[in-house]
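One chain follows as C-alpha cells, the form predicted on its own.
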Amino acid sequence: MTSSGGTPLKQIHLAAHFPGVNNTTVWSDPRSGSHIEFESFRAFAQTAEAALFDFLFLAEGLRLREQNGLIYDLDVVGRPDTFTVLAALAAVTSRLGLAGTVNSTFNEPYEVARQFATLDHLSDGRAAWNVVTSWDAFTGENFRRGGYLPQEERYARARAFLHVARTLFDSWDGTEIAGDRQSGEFLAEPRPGRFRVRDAFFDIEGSFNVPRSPQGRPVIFQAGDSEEGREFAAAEADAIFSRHGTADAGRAFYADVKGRMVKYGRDPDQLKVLPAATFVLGDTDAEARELADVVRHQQVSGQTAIRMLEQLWNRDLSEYDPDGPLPRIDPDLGEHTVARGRASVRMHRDPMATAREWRELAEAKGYSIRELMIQVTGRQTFIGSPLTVAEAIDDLVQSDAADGFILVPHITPGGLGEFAEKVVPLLQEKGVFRTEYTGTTLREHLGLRPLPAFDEGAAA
C-alpha cells in the first residue's frame, strides 16, 4: 500500500509493556489485577499476541522506589524477576516476542548470555535483551558492587559486556552437534563453544555451553537518551526504547540516532525507534480528555507530587503543601542526592531553567504543586477516540518520528484489551499493521535481517 504521494507506507510496530515499579499503573482501580500472580502476565501477553503485537516488554525493577526513606505511596510494591516471567510466558505464547531488561552493571556476561540463549531456544526465536546500565548507589546497595562503578564508566562496561555476550553467542555456529545414534558420535566439533576474552573489564576463558539459538542471538534493545546511550544504540542495538512520543521531538531523535549509524557501517532501517506511549480512549475525543484528567489525578497524589518536585529541587520539600504554591527557594545545584541516578532526575539538564519555566506556568495557570506535576510529568501520549488515536500513531510513524510504539496501559492486565479491540482494526484497515504473523521469530516481526551463522565483527 502507498501514501497519497506514491511512497510505500511504513508498517507500524506495536509492543506492550507490563509496567513495573512506578505510579503508571492505577492499582487502586477495581479493574487492576495483581502484578505478582502469573495469571496477570499470561492474560496481558495473550492479549498482545491475539492483537498481533511484535513483543511484550518487561523492565527490570531491581529496587522499590524510595525517597526520603519512604516508598512512593502510589507504586505497586513487589516485582517478580523479569527473566523468570519471560521464560514462563514462552510456554503460553507461540509468536509474541519476549523482551526483558537485564543490566550490565550488576551481572556477569556469561550468566546473562546463557539465560537469553536459553530463552531464545525455549521460545523458538522470540527473545530480546534490553541492555541497560546502572550506576546509582541506591540500586547498587542491593548488590555486592553497590555504587562502585563511576558514571563515566558505565557505557564502557556495557560495550565490553555486550561484546563478551556476542562472543559467547557466536562461539557456536550451529554445526557442532552430529547426534549420530548409529556411531554414537554426539559432537562433530570436539570442543564447541570455546572462547577467551580479555579487556579492561573482563578476563574470562572457557566453553559456552548453550548451542546456537534460533535467532543466533537475542534481538538487542537499548534504552537511554544520553549522548552515550544514543551512540551505543547506533553502534550496537536492533531497537531503541525512547521517550520521545511527540512529532518534533520524535523526528529530531529519530534523525539523530539513525544518522549516527552510517559511521558504523549500518543500515538505518536495521534500528527500530520505539518510544514508550500511554493512551486513554473514549467514545469521543472529549470523553477521552475527561477520562485522561481523572487518570492523571489518580497517578499523581499529593505525596507523589512532592517527590517529583524534590527530584528537580534536590531538596527535602516534605513540609510543603502539595495543594499550595511552588517553593520560593531555588533548586540546590550541588551533587544530587535526593533521588540519585533516576532517569526522571537526569532529564533535568538545567534545574534553574526548568524551575523558572514551572514557576511561570504555575503563576499563569494558577496551578498548585500537585496540579503542576500533573501537567508537566508523564502526561498520556495518545488521548482520543479510537480513530483519533489510530491516525495519530500512523502520522507519527509515516513522518519518521518513530517506527512504532511500546504501549503502556494504566490498567493491567486488562487495559490493553480496549486498544487491541478498537484501535488495531483501524490500523489494519489503513494497511499499516499486519493482519497475521508472517514470520515466527522476533527478528522477522521487526523486519530485521537474519544474522549470518557467525558474526565475525561481533567476535573481533
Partner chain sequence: MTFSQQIHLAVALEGAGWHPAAWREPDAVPAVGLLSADYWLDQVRTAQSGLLDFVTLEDGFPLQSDAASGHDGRTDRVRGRLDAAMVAARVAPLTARIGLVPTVTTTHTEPFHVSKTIATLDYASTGRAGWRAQIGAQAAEFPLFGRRAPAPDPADLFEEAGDHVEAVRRLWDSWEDEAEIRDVATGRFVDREKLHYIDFESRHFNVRGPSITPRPPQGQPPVVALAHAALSYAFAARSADVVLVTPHTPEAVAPILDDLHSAQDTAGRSAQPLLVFGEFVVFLDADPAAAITRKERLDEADGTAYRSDAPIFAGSPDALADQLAQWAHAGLDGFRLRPGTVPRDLDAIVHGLVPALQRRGLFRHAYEAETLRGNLGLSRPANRYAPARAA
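In this text the structure is predicted, and so the values were computed from the model without any measurement. Positions refer to the first chain, counted from 1.
Separately, the form predicted in complex with the partner chain exists; it is not shown, and the next lines address it.
When you look in the predicted bound form, the only residue of Gln298, Gln375, Asn107, Thr388 with a non-hydrogen atom within 4.5 Å of the partner chain is Asn107.
For the options Ser318, Thr246, Ser207, Thr284, the residue carrying a heavy atom within 4.5 angstroms of the partner chain in the predicted bound form is Ser207. Shown here without its partner, the chain carries Ala223, Glu227 and Glu363, none of which come within 4.5 Å of the partner chain in the predicted bound form through any heavy atom. Heavy atoms within 4.5 Å of the partner chain in the predicted bound form belong, among the stretches 196-204, 325-333, 377-385, 285-293, to residues of 196-204.
Put simply, Val85 is close to the partner chain in the predicted bound form: some heavy atom of it is within 4.5 Å.
Although the partner is absent here, Leu62 is a contact residue: one of its heavy atoms lies within 4.5 angstroms of the partner chain in the predicted bound form. Of the heavy atoms in Gln115, some are within 4.5 Å of the partner chain in the predicted bound form. Interface residue remark: Pro211 is counted as part of the site for the partner chain in the predicted bound form, having a heavy atom within 4.5 Å. Along 73-87, a non-hydrogen atom within 4.5 Å of the partner chain in the predicted bound form is carried by Asp73, Leu74, Asp75, Val76, Val77, Gly78, Arg79, Pro80, Asp81, Phe83, Thr84, Val85, Ala87, in order along the sequence.
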